[in-house]
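Taking the form predicted alone, here's one chain by itself in structure tokens.
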Amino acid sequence: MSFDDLPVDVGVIYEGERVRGKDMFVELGGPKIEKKFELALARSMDEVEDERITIIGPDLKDMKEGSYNPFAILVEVAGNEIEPDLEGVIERRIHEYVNFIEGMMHLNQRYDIWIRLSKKSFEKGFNSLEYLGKVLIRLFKSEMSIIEKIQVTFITDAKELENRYDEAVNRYNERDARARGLKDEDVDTFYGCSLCQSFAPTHVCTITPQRYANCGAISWFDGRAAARVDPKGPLYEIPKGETIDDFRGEYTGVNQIYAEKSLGKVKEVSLYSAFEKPHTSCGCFEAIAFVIPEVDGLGIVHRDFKGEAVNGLTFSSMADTTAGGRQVPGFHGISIEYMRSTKFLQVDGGWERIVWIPEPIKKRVLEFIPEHVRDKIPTENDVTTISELKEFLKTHDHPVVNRWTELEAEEETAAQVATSEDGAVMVPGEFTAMVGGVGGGIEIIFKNARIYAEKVIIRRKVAGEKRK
């Protein structure tokens, strides 16, 4: 495909390119802008003017260098085979296509979009959203032949975006509600998505009726529609295969796809746990379920949360640990819609294990939180520290408090320790230590170690606690 009329290159070579803050010309959407969105809509043929590009508000050349701007993308498509089930799929392709542009970075989806344009690309002449519109139109038409007509609208005017925001959110909610009627047990095929592998090479998003894609943009119905129209595309069928463990959500078919798509890096996955062989996390997840070992519970923090969560860490700090296509027990990328599922982290205790959640997210999923625990989960308005959290959970009789009693009642487990004649402590077998902080570290494995120390403390690891 030719892009000779564009001032910058376009191609898969640029997918995964990062534009750092010091290198950006402008930011569109992103965490500093409250309302932003990208939306795809299926239209009738007479509602779409083919290849029309509309810009409502300031264009790139009218924006101040280093500025943060309101932004929305509306893609309207028509064709004999276009159906509403494809809207989420088309929407998610925006992420891929924008990242094909030299010097342009796209992250997230729906109401969380975050785009940066580099100074270098702007200086080369990429100074209008018209160019972005041309790229989207050409790539959509070339890769999705069912699209017969397409028009693209960019909104950078804050007032116009405000007027259209609720319409977009309502459309997302309608799609999500439709998908809730189906259960994982009702189907023999799940769907996989590899759109984020440019940023997370070993990540495979497994999409089931009761477990949305981590980005929150693709349901089981979306996956099915995409796989039908583009069987060789980034969304594909995952036959469930044999059930290894129904409660944990472990299936031979899912494990096989993970092993293939991750090149053997990930071989086993439990779909409904944040601790035991957890589903991998990309980087576009809407929220993180994170372990709070001091209370043996899980907190939740979403991408737009400002400041520090109750554990003293920001979303971005925990995202560094969570993302990249890794399995990190206790740091688990999730979608908001998954929090509405009856299978939500069921292996770990579900909502009875959640001990902290931001107020905006709690309001959005309130009716899906079991009533008996609803008022026992604090928000940032109730507690801001671990000590305050402990006290809140005790006084409100949160179910997790019962776990503390059970754990205290258990016998302390300790490895058998023998001392040699020279005073060294002999630790038979193998144990592991982690050196490093939240952002990563070095894992050291000791085998039949001989240790010289004034004091050795061996303690039982609380379930769900990170190794130290």
Partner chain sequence: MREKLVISVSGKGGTGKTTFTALLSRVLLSKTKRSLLLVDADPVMNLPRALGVDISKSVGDIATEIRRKIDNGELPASAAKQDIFEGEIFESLVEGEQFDLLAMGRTEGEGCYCYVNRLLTQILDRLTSNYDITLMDMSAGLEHFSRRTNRNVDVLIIVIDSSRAAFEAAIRIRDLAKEVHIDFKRILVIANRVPESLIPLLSKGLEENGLDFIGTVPEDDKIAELNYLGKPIFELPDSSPSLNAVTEIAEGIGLLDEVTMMKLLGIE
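Rigid core (definition): largest C-alpha set, two forms, superposition within 1.5 Å. Keep in mind that what you see is a predicted model, and the values were worked out from it rather than measured. Numbering follows the first chain given and starts at 1.
This next part talks about the form predicted together with its partner chain, which is not shown.
In the model of the complex, no heavy atom of M339 sits within 4.5 Å of its partner chain. At the 4.5 Å threshold, heavy atoms of E81 stay clear of its partner chain in the model of the complex, well away from it. At the 4.5 Å threshold, heavy atoms of G21 reach its partner chain in the model of the complex. Its partner chain is not drawn, but in the model of the complex it has a heavy atom within 4.5 Å of P234. Look at 153-161, 350-358, 279-287, 71-79: in the model of the complex, residues with non-hydrogen atoms within 4.5 angstroms of its partner chain sit in 279-287. In terms of contact with its partner chain in the model of the complex, the residue from S270, T202, S118, N108 that brings a heavy atom within 4.5 Å is N108. None of H396, K390, R180, R374 but one reaches within 4.5 angstroms of its partner chain in the model of the complex through a heavy atom, and that residue is R180. In the model of the complex, just one residue of 29-54 lies within 4.5 Å of its partner chain by at least one heavy atom: P31. Taking 2 Å as the criterion, V187 does not count as shifted between the shown form and the other one: its C-alpha moves by less than this amount when the rigid core is aligned. Taking 2 Å as the criterion, G103 counts as shifted between the shown form and the other one: its C-alpha moves by at least this amount when the rigid core is aligned. Between the C-alpha atoms of H95 and R224, a gap narrowed by no less than 3 Å is obtained in the model of the complex, as opposed to the form on display. With a change of no less than 3 Å, the CA-CA distance between R228 and L107 is smaller in the model of the complex than in the form shown.
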